[in-house]
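In structure tokens, one chain follows: the form predicted alone.
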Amino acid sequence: MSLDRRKQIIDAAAKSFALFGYKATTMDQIAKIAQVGKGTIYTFFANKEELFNEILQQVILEMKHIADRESAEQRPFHEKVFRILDQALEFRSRHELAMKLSQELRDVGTPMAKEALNRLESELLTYIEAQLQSAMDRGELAQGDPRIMSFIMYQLYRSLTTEWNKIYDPLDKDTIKETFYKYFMKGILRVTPYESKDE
């Protein structure tokens, strides 16, 4: 029964944060949506920040699940890492909470919104870093600093899909993929898809 009540509170809080953002959400609102007394919330969570962090962790796990699914596919490494970036950032751009936090950060500059978005970004970078390190260990990539590589990879993708659109017409996915490969992945792959180890 207590587990059901806790889930009820988390679901209500997720809805409130997605609708109103972090700053405008109150424990009273969450209690009203959950149809519980405010004191019941404090039985499970010490404060709004703790409840928010619980929900954010769930969003991170959803994003990692998407990345894991792409990682498990049998594709060349450069295609796999591109798909991880593409699908994880697509998830973030469409997730109601992440969208509301981005709006809140632009409009109000709430520190907690900034911290949450930075955490999502950091988790994705760490995931890609681990993928790069594994590829290096397998001999698929040239040796290098996987943290720097993951950062450059992430920024390149973000630039082609977001920043580019502020100045030019949006690029289609195939062009982004080809550019991503040509200007970054080709430089770190031990063997490109168009070469053999014997060459």
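Numbers follow the displayed sequence, beginning with 1. Predicted model, so just to flag it, every value in this text is computed and none were measured.
Below, we turn to the form predicted together with the DNA, even though it does not appear here.
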Only one of L156, M136, M27, L171 gets a heavy atom within 4.5 Å of the DNA in the model of the complex. Which one? M27
Checking L160, I60, I66, V36 against the DNA in the model of the complex, the residue with a non-hydrogen atom inside 4.5 angstroms turns out to be V36
Could you confirm whether W164 comes within 4.5 Å of the DNA in the model of the complex, counting heavy atoms only? no
With the partner left out of view, is N47 within 4.5 angstroms of the DNA in the model of the complex by any non-hydrogen atom? yes
Please run the contact check for Y42 against the DNA in the model of the complex: heavy atoms, 4.5 angstroms, yes or no? yes
Test of understanding: in the model of the complex, would K177 fall inside 4.5 Å of the DNA by heavy atoms? no
Location of the DNA contact in the model of the complex, chosen stretch of 66 to 74, 47 to 55, 144 to 152, 126 to 134 [non-hydrogen atom, 4.5 Å]: 47 to 55
Between 76 to 90 and the DNA in the model of the complex, list the residues on our side with a heavy atom within 4.5 Å. none
